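Presented as structure tokens, the chain that follows is alone, the form predicted on its own.
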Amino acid sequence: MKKIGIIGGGISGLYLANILNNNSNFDYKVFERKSNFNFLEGYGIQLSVNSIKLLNKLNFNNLSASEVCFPTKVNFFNSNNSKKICDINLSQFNDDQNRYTTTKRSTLLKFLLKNIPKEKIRFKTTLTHVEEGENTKVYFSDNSQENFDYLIIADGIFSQSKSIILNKSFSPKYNNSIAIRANLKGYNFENISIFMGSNFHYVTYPINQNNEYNFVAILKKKLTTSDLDYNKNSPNEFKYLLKKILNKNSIIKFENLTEIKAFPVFVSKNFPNINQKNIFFSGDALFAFSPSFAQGASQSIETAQDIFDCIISKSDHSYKNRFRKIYSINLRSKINNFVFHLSNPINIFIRNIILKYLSKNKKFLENYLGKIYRN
């Protein structure tokens, strides 16, 4: 029986734990630095067809219909006048059993935790040292140690485990933007809506069938290192900036936002370079990109599946293929971020004409979205 250690109890780590839990050839443990899981936050996530197909193998499709939503379109608007530019039909990427899905992040975490025995998760524990070899000896902050045949690093974009394993300091890059997440009340958006403005955009979408909606805004803002350290704990300046933008450029009222959280957006500079075939990185610990393509959760799930396939096949082929897909998603995220934030009126006019054309061009949509969502 192979022993697998999973560092990090986020979406990627818990999805992998579910797969291993269903396979008697493996024993595993999840190590989580927090003292518990937070199910109170109602922020939303988007799950494309590829990741839903994997989740449905774990019976995600048995969730109550009220807990998920199946948007069929992405609508594009000018933020300053809320005039609709065009829309993209998301249902063209669905199949009979799997549909593009939105839900609460907490709903997905609860689902993933449901079948994992409590003794398989060790809280308030971080990795402190690793001795690599055929069996990897891992030392933890609670003075315990374990031997694993495989070690999976899935502890997020600020992964300390990555720096320990690669024996060099890793730090993500500030993306000159801030993200503001909130729950939205008092509106009725059936689908995903993207409102584009000068140096900002925001997205709304339903997260279940109970008239609950997710709101996320990405605002361009340059910050110094000292600003970043300060604003990690004091995001009031960000909230004020959002309120000012919404009052001037939006049908969304700041007063209709609840549970507001603001934070700087960090992205990865490159992929970690590791030659050990029994150590894998997953989720944001592998690579974190700008949220402008809404692929964070889906890629966490898909990468975890690739890692499992590699362990089964004793080949890293599918894992390396995932690098290429993440690279293409990162490129699309950068393109989206640039296009959504145009400020020059002439550029905006041209952008809107191009969007109207591309939103109905099947060849473009299959290449730009289909290759990511369902292939």
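Note that the coordinates shown come from a computational prediction; the quantities given were computed from them, not determined experimentally. Numbers follow the displayed sequence, beginning with 1.
This protein has a second form, the form predicted in complex with a small molecule, left out of what is shown; the following refers to that one.
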Can you work out whether S177 and the small molecule are in contact in the predicted complex, taking contact to mean some heavy atom pair no more than 4.5 Å apart? no
Spell out, yes or no, whether the shortest heavy atom distance between R33 and the small molecule in the predicted complex is within 4.5 Å. yes
With the cut-off set at 4.5 Å between non-hydrogen atoms, does I165 touch the small molecule in the predicted complex? no
Residue contact check: H201 to the small molecule in the predicted complex, 4.5 Å heavy atom: no
Out of P272, G296, G197, P206, which one falls within 4.5 Å of the small molecule in the predicted complex, going by heavy atoms? G296
Which residue among N191, T125, S82, Q92 has a heavy atom within 4.5 angstroms of the small molecule in the predicted complex? T125
Please name which of the stretches 71-79, 131-139, 239-247, 179-187 has residues with heavy atoms lying within 4.5 Å of the small molecule in the predicted complex. 179-187
Flag this candidate site as yes only if A154, S161 and V216 all have a heavy atom within 4.5 Å of the small molecule in the predicted complex; otherwise mark no. yes
